[in-house]
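Below you will find one chain, with nothing else, as structure tokens; this is the form predicted alone, and questions on how it binds or moves follow later.
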Amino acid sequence: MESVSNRVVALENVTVRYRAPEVRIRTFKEYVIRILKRDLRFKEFTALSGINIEVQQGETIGIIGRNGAGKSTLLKVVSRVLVPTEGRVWIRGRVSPLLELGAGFHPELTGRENVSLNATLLGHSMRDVQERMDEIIDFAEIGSFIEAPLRTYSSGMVARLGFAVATAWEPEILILDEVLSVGDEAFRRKCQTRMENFRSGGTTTFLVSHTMETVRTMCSRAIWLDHGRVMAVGEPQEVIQAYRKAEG
């Protein structure tokens, strides 16, 4: 049995429910009109249901499942971006989330300015940011574009810069949502090498990926989610096989 003292994340009976309008509302004006007419009906959607997970320090957890299974919602709960409707979330350590391309970036700021902004939002001092700036730019392979507005970047460039900032400092808990699927093979290998080094140093990682080979080779355990419920937890290859069998 794993030692509780090494536990860094625990989710106990975590449930997340959303309320969404039954019909699509395209403008704020339409929203107000429907409220005044009392013609606004909501339906409840359960994104996560009764999740119980314990994660030990240094584990790399792969999260798999179909679109809409609750994978990104689970990462947001662990990242403290989202408060669950029910249940308890216990986190020990500083979380470095990279939940989506360009999260925390501003399109009108330059790459360099966005590095400073994003890194300070992650809790790093401006002095630390300046000391690591050249390393971040070099890792991201942005080149002279670092002085250009982010709106001129490709999605791959944004992803590389986001990953470089989030991992410039060795995190205690790293959250990655599909970011390793962007970029060429050489850059993905470089990201994987950095993550393996983090794991050796005790970093705990949550990784959402639709690429089963990435989960199989990089993760110590895998979690299969379906309609907000945990279907299987365990050795990656076994969980992947169960998922593929169910998907047909």
Partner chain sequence: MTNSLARSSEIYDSSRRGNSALEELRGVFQYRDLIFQLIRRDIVARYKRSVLGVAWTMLQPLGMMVVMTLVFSRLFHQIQGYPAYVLSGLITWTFFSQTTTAAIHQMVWGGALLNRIYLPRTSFSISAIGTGLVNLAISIIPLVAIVLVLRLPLTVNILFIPIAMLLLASFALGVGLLLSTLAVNFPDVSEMYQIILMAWMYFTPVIYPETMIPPEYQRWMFTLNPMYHLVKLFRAPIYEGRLPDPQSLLMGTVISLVTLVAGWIVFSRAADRFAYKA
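Treat the numbers as computed from the prediction; the structure is a model and nothing was measured. Each form is matched to the other, and the largest set of C-alpha atoms that superpose within 1.5 Å is called the rigid core. Residue numbers count along the first chain shown, from 1.
Although it is not shown, the form predicted in complex with its partner chain is what the next lines describe.
> With a 4.5 Å heavy atom cut-off, would you call T27 a contact of its partner chain in the model of the complex?
Replying inline: So T27 counts as contacting its partner chain.
>> R17 versus its partner chain, in the model of the complex: is there a non-hydrogen atom within 4.5 Å?
In response: Contact with its partner chain, yes.
> Taking heavy atoms and a 4.5 Å cut-off, does E141 contact its partner chain in the model of the complex?
Replying inline: No - in the model of the complex, heavy atoms of E141 and its partner chain never come within 4.5 Å of each other.
>> Even though the partner isn't displayed, in the model of the complex is G156 close enough to its partner chain, meaning a heavy atom within 4.5 Å?
In response: Taking the distances in the model of the complex, the answer for G156 is no, it never comes within 4.5 Å of its partner chain.
> Is it the case that S79, H106 and S125 all touch its partner chain in the model of the complex, with a non-hydrogen atom of each within 4.5 angstroms?
Replying inline: All three within 4.5 Å in the model of the complex.
> Going by heavy atoms within 4.5 Å, which of 48-56, 212-220, 198-206, 63-71 lines up against its partner chain in the model of the complex?
Replying inline: Selected stretch: 198-206.
>> For a quick check, can you give me the residues of 147-165 that have a heavy atom within 4.5 Å of its partner chain in the model of the complex?
In response: If the 4.5 Å heavy-atom criterion is applied to its partner chain in the model of the complex, 147-165 yields only R151.
>> I want to check G93: does it shift between the shown form and the other one by 2 Å or more at the Cα, with the core superposed?
In response: No; that C-alpha moves by less than 2 Å between the shown form and the other one.
> Cα of L74 displaced 2 Å or more between the shown form and the other one, core superposed?
Replying inline: L74: C-alpha displaced by less than 2 Å between the shown form and the other one.
>> Checking M126 here: with the core superposed, does its CA move 2 Å or more between the shown form and the other one?
In response: It does shift by 2 Å or more.
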